[in-house]
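Quick heads-up: it's one chain on its own, the form predicted on its own, in structure tokens.
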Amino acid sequence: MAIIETKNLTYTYPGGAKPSVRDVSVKIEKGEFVLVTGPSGCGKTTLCRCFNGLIPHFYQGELKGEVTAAGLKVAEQPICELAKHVGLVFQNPENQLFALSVEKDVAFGLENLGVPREEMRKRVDWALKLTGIYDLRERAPHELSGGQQQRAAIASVLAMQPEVIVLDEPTSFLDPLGAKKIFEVIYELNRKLGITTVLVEHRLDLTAKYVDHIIIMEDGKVVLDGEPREILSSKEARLIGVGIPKATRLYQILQKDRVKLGNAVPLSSDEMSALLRGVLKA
């Protein structure tokens, strides 16, 4: 069952010379971990803004087609209602954190919804513990590291207990190790809680192994949509310029050299090393 679906979606920002998203029809199933990727400026962020109602309610412009999220027609629902179902984590956590303490930031959305104090306390503590920052709850956000700030931003969305969480390049300000830790947190949340997860990301070396479904965009259109191993091993993905995982590229090169590694295309260095160990043992 699709929890997010777009039909012939086209959107042009105010004053835009051409649409940022053109004739996009995609389905995201409940519980999936979906990766949206593609060259810079291809429309990834714009598409995500359509999922949670920032388009068309905050960004005006011209919207054609249809978007439904959690059974709601996005164009017909206020942002405050959509926020209960679809949470968005921004690229820069400093754009999302503004209170005097981490726990106040995490509680902010719940206060706006009028959640009772006792329930609010439970949800805030739950979200802080899930993201591993409960001990930082009284710290000011500006005192935290980049990775800790991003965990706080994720916790503030989780406290709302949405059905879908959308993360727009949440690790672009982090080093590879910090990014890896954030992706592990996101993956655990998806698997343990069943929250449908939509991740916009360029670093496929770190993310591809986690996802169930990949959507590749180019020039505002969806050009590839499907199972990650199939999509990332395709010639089309390389031609678009997507950062194919190095393990996948090595597998393709060795296959051309007639090294028999099996049919399971690796998406990470761990998977590739396991394949190579199997060949060497044989």
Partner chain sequence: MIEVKDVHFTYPNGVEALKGVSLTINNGEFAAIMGENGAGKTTLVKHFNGLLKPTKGSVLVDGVDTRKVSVATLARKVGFVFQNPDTQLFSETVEEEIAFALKNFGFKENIIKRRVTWALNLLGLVQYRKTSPFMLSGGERKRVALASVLAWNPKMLILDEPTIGQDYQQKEKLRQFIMQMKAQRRTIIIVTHDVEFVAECNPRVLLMRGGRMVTDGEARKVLTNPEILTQASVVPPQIAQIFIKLSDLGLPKNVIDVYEAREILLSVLEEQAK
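In this text the structure is predicted, and so the values were computed from the model without any measurement. Residue numbers count along the first chain shown, from 1.
This next part talks about the form predicted in complex with its partner chain, which is not shown.
Trainee: Would residue 53 sit within 4.5 Å of its partner chain in the predicted complex, counting heavy atoms only?
Mentor: Close contact is absent here: in the predicted complex, residue 53 is far from its partner chain, nothing within 4.5 Å, heavy atoms only.
Trainee: Does residue 178 reach its partner chain in the predicted complex if we count a contact as any heavy atom within 4.5 Å?
Mentor: Looking in the predicted complex, residue contacts with its partner chain include residue 178, since a heavy atom lies within 4.5 Å.
Trainee: Examine residue 262 and determine whether its closest non-hydrogen atom to its partner chain in the predicted complex is within 4.5 angstroms.
Mentor: Looking in the predicted complex, residue contacts with its partner chain do not include residue 262, since no heavy atom lies within 4.5 Å.
Trainee: Do residue 174 and its partner chain come within 4.5 Å of each other in the predicted complex, heavy atoms counted?
Mentor: Yes, residue 174 lies within 4.5 Å of its partner chain in the predicted complex.
Trainee: From the list 61, 31, 226, 241, which entry has a heavy atom within 4.5 Å of its partner chain in the predicted complex?
Mentor: The option sitting close enough to the partner is 241.
Trainee: Please tell me which of 212, 184, 111, 143 lies within 4.5 Å of its partner chain in the predicted complex, judged by heavy atoms.
Mentor: Checking each option against its partner chain in the predicted complex, the one that comes within 4.5 Å is 143.
Trainee: With the distance limit set at 4.5 angstroms and only heavy atoms considered, check whether 121, 130 and 189 all reach its partner chain in the predicted complex.
Mentor: No.
Trainee: Hey, of 112-120, 89-97, 73-81, 189-197, which bit sits against its partner chain in the predicted complex at 4.5 Å between non-hydrogen atoms?
Mentor: Selected stretch: 89-97.
Trainee: Taking its partner chain in the predicted complex, which residues of 16-31 have any heavy atom within 4.5 Å of it?
Mentor: Sequence-ordered list: 16, 18.
Trainee: Specify closer or farther for residue 131 and residue 190: how their Cα atoms are spaced in the predicted complex versus the shown form, given a shift of 3 angstroms or more.
Mentor: Residue 131 and residue 190 sit farther apart in the predicted complex.
Trainee: Relative to the form shown here, do the C-alpha atoms of residue 171 and residue 132 sit closer together or farther apart in the predicted complex, given a change of 3 Å or more?
Mentor: Relative to the shown form, the pair is closer.
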